[in-house]
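Before any questions on how it binds or moves, here is one chain, the form predicted alone, in structure tokens.
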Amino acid sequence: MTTPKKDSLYVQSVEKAFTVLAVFNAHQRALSLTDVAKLTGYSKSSAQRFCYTLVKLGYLKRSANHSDFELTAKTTEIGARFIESNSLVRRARPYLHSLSSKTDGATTLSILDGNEVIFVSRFLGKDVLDTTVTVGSRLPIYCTASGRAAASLLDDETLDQVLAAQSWEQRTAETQTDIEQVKQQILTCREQGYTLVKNQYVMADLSLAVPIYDAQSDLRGSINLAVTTANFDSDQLLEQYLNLLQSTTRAINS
């Protein structure tokens, strides 16, 4: 995180505390003090003070072996408060549930956050592939329908900056990692109002997304419908559900 050199209002210790919390994830569930120091770049004594304070505040706890730290359920409170208080998320929830019921697919509301999208509401249908992606998951923009659709709402300069910051990891054998090709598809989404992505983030995934902008909260995001390639091809998905997805988005914004 880059901050101005001179900013009298900026509290760097708050940034550091959140940085400590951010190093924990599904692959790094329990971390030692040495791990935390290495992942954050802090000295071991500094990491110890932050971990101790976060334990006292209830956001971290000692693991069963007493040598590692783990997140606590209290860390979900901040995200939950956003979901409860945001008008777009509240409006979208029943429509996403209805869309999932009608299509048997996974439906998601995602919002742009920096160079990624965050899933803020999600319903799983019968035709779903990846159940590990949940509310709060952060996904890249370049290889997801949700990300591409949301990015289509950005101005050209910001879009270039966001694309330049992508990891461009080859997630599947079919992942597109050519920045100009992906940018063109995002621009096409801007023109036609939807994007379709196949086998880009995970294999056998077929996702259709439309952008959504909420003027009230100034959030840019997308509504996504994901199914498996075992049950649909691209033409079938567009023919059967594009109109439904677009009408759902209009209803959420009405």
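Residues carry their position along the shown sequence, with the first being 1. The term rigid core refers to the most C-alpha atoms you can superpose between the two forms while keeping them within 1.5 Å. Source: prediction; values computed, not measured.
Absent from the display: the form predicted in complex with a further copy of the same chain. The rest refers to it.
Although the partner is absent here, V182 lies well away from a further copy of the same chain in the predicted complex, with no heavy atom inside 4.5 Å.
In the predicted complex, at least one heavy atom of E84 sits within 4.5 Å of a heavy atom of a further copy of the same chain. In the predicted complex, no heavy atom of D233 sits within 4.5 Å of a further copy of the same chain. In the predicted complex, C143 stays away from a further copy of the same chain, with no heavy atom inside 4.5 Å. Taken together, the three residues A173, T188 and E239 all stay farther than 4.5 Å from a further copy of the same chain in the predicted complex, as judged by their closest heavy atom.
Of the listed positions (V202, L196, A37, L54), a single one reaches within 4.5 angstroms of a further copy of the same chain by any non-hydrogen atom in the predicted complex, namely L54. Here the chain stands by itself, but in the predicted complex one stretch of 24-32, 188-196, 202-210, 223-231, 24-32, has heavy atoms within 4.5 Å of a further copy of the same chain. Taking a further copy of the same chain as positioned in the predicted complex, none of the residues of 162-188 brings a heavy atom within 4.5 Å of it.
With the core superposed, S45 shows a C-alpha displacement of at least 2 Å between the shown form and the other one.
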